[in-house]
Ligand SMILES: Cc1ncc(COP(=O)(O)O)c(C=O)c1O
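Before any questions on how it binds or moves, here is one chain, the form predicted alone, in structure tokens.
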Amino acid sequence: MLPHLPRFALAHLPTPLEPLPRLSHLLGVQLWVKRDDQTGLALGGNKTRKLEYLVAEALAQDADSLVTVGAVQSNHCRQTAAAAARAGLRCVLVLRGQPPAETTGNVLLDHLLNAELRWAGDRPRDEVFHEVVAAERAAGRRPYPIPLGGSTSTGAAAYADAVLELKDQLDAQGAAPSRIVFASSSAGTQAGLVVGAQLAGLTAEVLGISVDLPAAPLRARVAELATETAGRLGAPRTYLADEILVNADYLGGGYAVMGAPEREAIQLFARSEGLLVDPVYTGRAAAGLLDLIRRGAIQPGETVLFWHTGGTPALFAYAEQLIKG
């Protein structure tokens, strides 16, 4: 743990590190999974780790509400709503576009968790987000704004800590992955993993599969945030974009558009290991992982860790597409 950063306990830690023997046999590699879908808060996910640090910072600033932003089926927004409920804080979520025709998946959970939902409609989501924060202040409240994905140096620090947790587990299991593969989007998780690998002396490649951004802007953002996070943790280092490993070959039809690769990955992981991945993040990362293995970019016999960042509730919003597939 990182004792000099305050935390508000939310997560079930450490999350399990598990081998995937049947999938490993099918693919000819040694696959492990880090189960951050099992962090426990309102069906779990990677944002819970970040929120432990973000909520602690909000409480230290005497905030009475959390305001954040995300897509319709945002896992981050759902976990933020749950964290706010646990901490006794008001929660306002600014979601992209219009309300869906059916209240399901993460949107259903947002309502159950008593979050106030504001829909951006045709307007830029971040513009509405800033307006909502200003309106909260004008109403006499003390909002703590959390940007997309909780991707600040405070949030990213949680994933530096997570790598220290992983290192202890790998040593106990005698496992030594050559790569860590995961879904990358708002840069915070990857930035934390990059810094954590440095702090833990882990030599595995930290490979983010982009779910929405081209490689160049994502690498630049991860490098910038990793540099901020390393300084925050007392291990200053300037990271360059060229050092950050991002694969943006699997963007498919765009963000949150499930195609055949994601559908196949969801089904294969479920039917071979009983492991659920989601259509937007982990399903896309899993599809990328499968392709890298099948075309030999990941060599036969390699040991690879798939970091499962959660997202299970979103499956229910894609039920018809998954059944037809």
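Numbering starts at 1 and follows the sequence shown. Because the structure is predicted, anything quoted here is derived from the model rather than measured.
There is another form of the same protein, the form predicted together with the named molecule; it is not shown, and what comes next is about it.
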*For the chain seen here without its partner, which of 259-267, 295-303, 60-68, 42-50 has a heavy atom within 4.5 Å of the named molecule in the predicted bound form?*
42-50
_So in the predicted bound form, is the named molecule close enough to Thr154 to count as touching (4.5 Å, heavy atoms)?_
no
*Would you please decide whether Thr229 lies within 4.5 angstroms of the named molecule in the predicted bound form, comparing each non-hydrogen atom pair?*
no
*asked:* Using a 4.5 angstroms cut-off on non-hydrogen atoms, would Thr309 count as touching the named molecule in the predicted bound form?
replied: yes
_Residue contact check: Ala183 to the named molecule in the predicted bound form, 4.5 Å heavy atom_ = yes
_in the predicted bound form, the residue from Ala83, Ile146, Ala187, Val194 that sits within 4.5 Å of the named molecule by heavy atoms_ = Ala187
